[in-house]
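As structure tokens, one chain now follows by itself in the form predicted on its own.
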């Protein structure tokens, strides 16, 4: 049962072994650390960069244009905001060259709250990412989805942003959602691919023979079927939304949970089908509520499905705050939690058409 970060590492190994990844790099990505969250331990193409996010993105663009296939990491998304102009260059190159130049790069970065990262390590980046045209943007909520989305990101001929919900990086696979070919014993998997503490100079991973598994970018997943309220969410909030829905089922409220998985392109067909079934919709994510990606979904739902709605669409998002506090109470008050998700669903379900 791989954790999400182990799943990402396995996908990167498959990428460099079978799918042409030439460079995996970022701050502390190479030996001896192998990534601040251990996502790149033991990878043969991993190397360290200076503490320079603009240099990391610029290097990835240059390598991609030179025919390589890089995977670059921004150690925390909080430090990606100063790379926006370069992200625009990566996103517009294929379009501006009339299709002559591809930019086959993946940019991965941890996002969101949930680990008490305080003001400099708890931001979200999803809304900002969706405002940069030319990028595909994915965020998994399970280890298997992380594995499948990373392989699809690597295979894509143009830039893909892989947003890692840091609160879920130690989440283990559920039974029936294992990576094809992974050992059934999570302790055995750890012994095979997790670097030991202390001296790692002689350590080498023993990679399991995992199989290819691709999740198409732009394909959502119904993680819980329901008939009364649709919840559109992704990343960390999927788990909390499902937990809230299970509690509400005891009160007779039947909730459908859609894990978008891809923010661009997103699965409009899945969204439309669910809203037409339930006639009520709640968007849940951690990013700040003003100019939030959920607001875009609500705008489109209102424009195209107005007469299907029995209640005004609702957004539950992070507070419009300069940062997230270190104290538990401050962090929990800043972004959605299970209880606030439950309350928002219950309020929406009670609205009379």
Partner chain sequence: MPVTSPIEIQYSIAIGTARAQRKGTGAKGITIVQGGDAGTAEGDFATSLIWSSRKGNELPLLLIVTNNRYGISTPYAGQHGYDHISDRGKAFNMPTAVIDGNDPEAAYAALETALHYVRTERKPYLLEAMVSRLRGHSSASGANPVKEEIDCIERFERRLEERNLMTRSQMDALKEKYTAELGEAAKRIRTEPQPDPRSVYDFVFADKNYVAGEQ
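Small disclaimer: the values here were computed from a predicted structure and weren't measured. Residue numbers count along the first chain shown, from 1.
Keep in mind the form predicted together with its partner chain is missing from the figure; the text below concerns it.
**Student:** Given its partner chain in the predicted bound form, answer whether the residues 227, 252 and 310 all have a heavy atom inside 4.5 Å of it.
**Tutor:** Heavy-atom distance to its partner chain in the predicted bound form: none of the three under 4.5 Å.
**Student:** Would residue 320 count as a contact of its partner chain in the predicted bound form, using a 4.5 angstroms cut-off between non-hydrogen atoms?
**Tutor:** Although its partner chain is absent here, residue 320 would stay clear of it in the predicted bound form, with no heavy atoms inside 4.5 Å.
**Student:** Would you please decide whether residue 181 lies within 4.5 angstroms of its partner chain in the predicted bound form, comparing each non-hydrogen atom pair?
**Tutor:** No, residue 181 stays farther than 4.5 Å from its partner chain in the predicted bound form.
**Student:** Should residue 99 be classed as touching its partner chain in the predicted bound form when contacts are defined as heavy atoms within 4.5 Å?
**Tutor:** Residue 99: contacts its partner chain in the predicted bound form.
**Student:** Would you please decide whether residue 284 lies within 4.5 angstroms of its partner chain in the predicted bound form, comparing each non-hydrogen atom pair?
**Tutor:** The answer is no: residue 284 has no heavy atom within 4.5 Å of its partner chain.
**Student:** Counting only heavy atoms and a 4.5 Å cutoff, which of 191 to 199, 258 to 266, 272 to 280, 232 to 240 contacts its partner chain in the predicted bound form?
**Tutor:** Contact criterion met by 258 to 266 only.
**Student:** Counting any non-hydrogen atom inside 4.5 Å, which residue from 75, 93, 128, 173 sits next to its partner chain in the predicted bound form?
**Tutor:** Exactly one listed residue reaches within 4.5 Å, namely 93.
**Student:** Judged by heavy atom distances of 4.5 Å or less, which residues of 38 to 61 approach its partner chain in the predicted bound form?
**Tutor:** Heavy-atom contacts within 4.5 Å come from 47, 48, 49, 50, 52, 54, 55, 56, 58, 59, 61.
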